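Just so you know, structure 1 and structure 2 below are the same protein chain in two forms, each on its own as C-alpha cells.
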Structure 1
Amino acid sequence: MPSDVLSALPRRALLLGGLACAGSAAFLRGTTALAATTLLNVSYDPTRELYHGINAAFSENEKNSSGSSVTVRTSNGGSGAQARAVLEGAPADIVSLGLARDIDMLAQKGLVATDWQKRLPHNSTPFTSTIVFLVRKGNPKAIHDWADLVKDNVKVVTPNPKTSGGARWNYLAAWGWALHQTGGTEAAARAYIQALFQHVPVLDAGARGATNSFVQRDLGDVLIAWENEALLAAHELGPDRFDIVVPSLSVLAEPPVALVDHNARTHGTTAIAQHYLEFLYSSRAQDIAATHYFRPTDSAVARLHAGQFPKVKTFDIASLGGWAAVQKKHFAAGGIFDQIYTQHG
C-alpha cells in the first residue's frame, strides 16, 4: 500500500520533499553542533572577510588557553539594517557596526549600556579607517582633493547617506573639509555639499553597490570610499585599473563595537562576549585587521603595516559635535541632506 502511494506521487514532489527533509535535517544538525558556546556578532557589510578571520583566531585562542570550544557566528548587512534587526530581537551578543549612532539606538532602547563607548579603549573602536578617493588609472580627471570633485565633467560615485551608514562618513568627510578651508563657514560647507551631490548621478543604496557601480560598470570618475574598500578594490580587483587618491583632509572613520548587555545576560555569555571584545584589541586580531586594510589602533602593529596605509590628516566626529548632533542636523528628515535635494528638486 505505501509503495502505491509513493508511485502515485509525482516524482518531482518526492524530490522536493526529500530536499526539504535533507535541508531541515542539516539545519537541525547545524544548531545542535553549535550548542557548546556560541556568540553572535551582528556586523555591517564590509567586515565579512575580516571577522571570518578574527572569529577563527578567537576560537583557536580559546581552545589553546582554556580548552573551551567557542564558535562565533557573524551576520552581515547594512549597518542601520543590522541595528534594527537587533532592536527587533536578533539574538546578538556583540554588535560591530559602521557608526556609533546605530549602537546609540540600541542603548536608547536599553539593550546596550548607555556608557558603552567608554567601556573599551579608543571610543570602543578597535580599528579605524578613513575616507579616500578611488580614481581610474592615471587619474585622467586630475583629482587630488575635495575641490576637484565639483569641477565640470567630473562624475562622483557615492552611496545614499540616507540608506548607507558608510555614505554618512563620506558626506561628513566632505563637509568637514569644506568647513576647515580658510574662510570656511557653515554656509560655504552647505554650498559645497550641494554642488558635490549635483555631480553624483546615482545614489546607490549601499557602499558595496557603489563600489560595483564604479568598478564593474565603469560609472563615474571617482568613487568616494572607505579606505579598506578602496584598497581592496585597488589591490584585488585591478591593480592596473585604479589609483588611490588621498585628500588633504578626511574624517577618522570609527566603526565601533559593543556588548549587547541585555542579550548576553539572557544567553549567559556576558563574560565570554566581553573576552571576545577585548580580543579585538590583541595584536593577533589587530594584525588580521591590517591584512584586511583596516587601520590598527595598536601602535606596534600599526608600525608593522605602516607601508600599506598612506598618511592622512583627519578630524573625528566629536569635533563636529558627536553623532547625535550630526545625525539630527544632516541626516534626519528635513535635515541638510534633504534640503539640498529639495532646493533643486
Structure 2
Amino acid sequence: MPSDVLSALPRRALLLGGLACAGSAAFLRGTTALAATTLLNVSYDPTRELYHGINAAFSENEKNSSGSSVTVRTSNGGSGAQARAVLEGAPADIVSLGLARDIDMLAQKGLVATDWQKRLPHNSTPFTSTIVFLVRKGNPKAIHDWADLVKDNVKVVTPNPKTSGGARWNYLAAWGWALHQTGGTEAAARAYIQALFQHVPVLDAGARGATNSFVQRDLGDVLIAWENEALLAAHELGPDRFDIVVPSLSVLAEPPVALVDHNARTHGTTAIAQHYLEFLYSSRAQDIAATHYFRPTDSAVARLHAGQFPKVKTFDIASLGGWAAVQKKHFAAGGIFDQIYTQHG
C-alpha cells in the first residue's frame, strides 16, 4: 500500500487492515532499481504504524535540514519471509527485522556486512519489546502465567515460528520460562512447548495475522504477542474488549536494523540509508517509537514514557546460547519445533 494512501488512514484502520498489506514484498520484487531519493525498508509484521510515523518524520527532517526530498517506503510481512524476499531480490536498502538471525542470513549471502550488528548502538537495535498475553476482557479463562496456557479448554493464538520472528520470540519466552521453573530441565521445557502447541488451533504466517485472528475473527482465548502489538490492540480497539496479562518471566525481544550494503550501493543510496538508520536513534524517532508502544533505548525518552510500560522480568537470547545456537537447535529443519509440531500434526 503506497505511503500516500497510508497517510490518510487512522492507526486503528492500519491495525485492522494489516493483512491486506502483508504481501507487499512480493509485489515489490518485480520493480526496477529505486531512485536515489527513495528508500525501501523491508520490515516485519507489527511495524506498519511505527515506520509510517518515522518515515514521515525522516522525510520532514531531510527537507528542513538539507532541502532534500526523500521518500521512504516500508514493506511488511513475517520476519523470516521478509528476509527470504530480500534474498530473492526484493530491492531493500534497509532491513528492520524481528530478530538478528534473519539479518545474519542476509550477511551470509553477502547482502549485508558481516559486522552489521556492531555498526549501530545497542547491537543495532534502536527499540526493544517483550512478549506478553492479550486476553478477552475480564480474563474469563483466568490466564495469569505460562502454566495457564496449557489448561483444558484454553485455545492459544500464536504465529508460525518458521515464518515469523515474533513467533520465535513467543516460543523462546515459553521455553525460557519452563527452564527457569524449580527443577526445570530441557526435557521439561520440551514437554511444556509440546503441550503448548497442542492448544494452538492454527498458525498464522506473521504476528499481525495472528493479532487479526484473535481480534477480528475472535479466534482463541489468549494471544501470545509482542508487547507493542498487545498494547496497540488494547488501546486502539478499546479497553472494554481486551486485557493485557504480563507473565512472571518473559524474553527481552531485540528487533534489529541494518543497511543492505549490496542493494544500497547498486541504488546509490548508501549515505542516505545510513543517515536513516542513525535517525532511528534520535530523540524524535525514539519518541515516535514509544507512542507506538516500542520501548526506547534512549534513557531520557524511556523515562518520559515509563508509565505506559508494565514492569516485566526478562532474560535475553544470549542466556539461551545466542541466535546461531537457538536456530540450529529449535528452528532448523528437523529441530525441536519440527519434531514437536510433526507429532502434534
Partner chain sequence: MAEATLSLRNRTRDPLPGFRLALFSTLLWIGLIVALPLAALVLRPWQEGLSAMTTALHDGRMFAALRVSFLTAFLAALINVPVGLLLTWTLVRVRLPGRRIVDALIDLPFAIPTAVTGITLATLYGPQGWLGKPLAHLGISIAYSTAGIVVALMFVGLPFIVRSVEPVLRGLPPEQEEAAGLLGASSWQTVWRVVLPSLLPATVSGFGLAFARGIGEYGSVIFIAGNQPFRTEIAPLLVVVRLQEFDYAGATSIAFILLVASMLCLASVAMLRRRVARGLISGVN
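Between two forms, the rigid core is defined as the largest C-alpha subset superposing within 1.5 Å. Keep in mind the model is a prediction, meaning the values are calculated, not measured. Here, residue number means position along structure 1's sequence, counting from 1.
- Of the two forms shown, the one predicted together with the partner chain is structure 1, not structure 2.
- For Glu236, the Cα coordinates differ by under 2 angstroms between the two structures after the core has been superposed.
- Here Pro140 does not count as shifted, since its C-alpha moves by less than 2 Å between the two structures after the core is aligned.
- Once the cores line up, the CA of Ser69 ends up 2 angstroms or more apart between the two structures.
- Taking the rigid core as reference, the CA displacement of Gly89 between the two structures comes to 2.9 Å.
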